[in-house]
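Quick setup: one chain, the form predicted alone, written in structure tokens, and binding and motion questions come after.
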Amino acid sequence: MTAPFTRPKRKNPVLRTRLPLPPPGARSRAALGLSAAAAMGKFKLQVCEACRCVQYPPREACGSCLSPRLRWREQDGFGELLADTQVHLSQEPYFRERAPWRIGMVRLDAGPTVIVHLHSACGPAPCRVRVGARLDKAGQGVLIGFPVDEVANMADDRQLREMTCDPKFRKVLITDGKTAVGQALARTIIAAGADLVWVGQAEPWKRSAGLEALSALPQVAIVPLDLTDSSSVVEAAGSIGGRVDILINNAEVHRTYGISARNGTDAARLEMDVNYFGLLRLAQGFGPAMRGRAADGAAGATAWVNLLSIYALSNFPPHGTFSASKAAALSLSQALRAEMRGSGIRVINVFPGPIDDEWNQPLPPPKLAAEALAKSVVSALKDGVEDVYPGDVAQEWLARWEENPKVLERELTA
């Protein structure tokens, strides 16, 4: 059993500000495949297509037959813990500040022997464990040894929380509360243990269905926030930016039709103003404050979530300009991720399929319910992944896009 995580003390403003100290982030090009899999919550190792030998550490050629035909394949992770120890002194500043740190040596059933960060619920060696992959504060894939069976307070392990963004006891900003998705996000985040949820409202004079009931919850505070107005974003950042632990940008404008089916650029301009420039305004307003608080330990800023769309991967012509705005937002969020990575803040991109809302009414099922989308966001925070594709449609599009993006483009235009 893992000891439950208790509410952290807020930072003492008299004490010096700790600078972000990410763990060592250097990786070979081959090893980045482990990070790419961990970014989607998967544990993959290289497997030789010639002799089927599983490789670790990652390499350019098979260690058994020297074949260069290595492919990343998902692993179940089960193995035997051969030895474990605690590191009390390290040359790396990141681990020096967090000592003692438990590590172990595991012989996987698949063959290789690996060094892992060890969950506190794992017993002493020898014992059975399950190895998984997570992203560390530097955004690189690392291996963690878990107990085979789930235990109470599993997510509260001290070392595991360094690699995840659990909303428990966090303060969260949701940028748009007028939509069903925004309201579902607020309720799901509160159920996950968030202390305080700020919910943005762009047009206070409009009565939004469900927002009044949401504002009655003791953990919710409604704040004025209009992503099309730079002064509104700056004012909100100056008011609460120094306290936000997790920012969830769910504000979006979604209009149907493609290029020639609609005259003028007004609708497309509005989509870009919210979906792309709104994200840019948020990044400029809230980004510096969150990076400055990233090293405040358990009470620090930890994650930034962007609600994108599976249409960002390949344009869906019936929603052509919306797809283009989300593709632009995807590119911008990758730049934001690169800037945030040095401070250890995780940037999570969510790529849902069609959501069950007014703009997707003509589309046939399956469509994603707001509550299901909210649960996938919380799961992504708890797992510390970078990219999540909720819903059957998103999973199908992703598989087809990974297989051949050009074929998917042709299928969508047909």
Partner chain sequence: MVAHDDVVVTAPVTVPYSRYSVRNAHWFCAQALAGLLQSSGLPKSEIDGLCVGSFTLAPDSAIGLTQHLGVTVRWLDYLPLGGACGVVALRRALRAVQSGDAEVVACIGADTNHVDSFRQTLESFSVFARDAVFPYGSGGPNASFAFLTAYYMRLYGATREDFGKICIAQRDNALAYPNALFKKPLSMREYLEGRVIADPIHLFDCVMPCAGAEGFLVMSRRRAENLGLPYARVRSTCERHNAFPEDPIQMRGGWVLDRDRLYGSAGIEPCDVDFVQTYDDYPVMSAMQIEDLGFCEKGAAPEFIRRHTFTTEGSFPINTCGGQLSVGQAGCAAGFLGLVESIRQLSGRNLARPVPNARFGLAVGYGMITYDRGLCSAAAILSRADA
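Quick caveat, the model's predicted, so the values are computed rather than measured. Numbering follows the first chain given and starts at 1.
Absent from the display: the form predicted in complex with its partner chain. The rest refers to it.
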remark   = Interface check vs its partner chain in the model of the complex: of I259, A335, L82, V148, the one with a heavy atom inside 4.5 Å is L82
remark   = Of F169, W101, W72, F78, the only residue with a heavy atom within 4.5 Å of its partner chain in the model of the complex is W101
inquiry  = Can you work out whether P57 and its partner chain are in contact in the model of the complex, taking contact to mean some heavy atom pair no more than 4.5 Å apart?
reply    = yes
query = Looking in the model of the complex, any heavy atom of E92 within 4.5 Å of its partner chain?
reply = yes
query = Is P405 one of the residues lying within 4.5 Å of its partner chain in the model of the complex, judged by heavy atom distances?
reply = no
inquiry  = So, M154 and its partner chain: in the model of the complex, are they within 4.5 Å at any heavy atom pair?
reply    = no
key: Output flag, L214, R243 and A298 jointly within 4.5 Å of its partner chain in the model of the complex, heavy atom basis   = no
request  = With its partner chain left out here, work out from 377 to 385, 57 to 65, 348 to 356, 361 to 369 which stretch has heavy atoms within 4.5 Å of it in the model of the complex.
outcome  = 57 to 65
query = Are there residues in 85 to 123 with a heavy atom within 4.5 Å of its partner chain in the model of the complex, and which are they, in order?
reply = T85, Q86, V87, H88, L89, S90, Q91, E92, F95, W101, I103, G104, M105, R107, T113, V114, I115, V116, H117
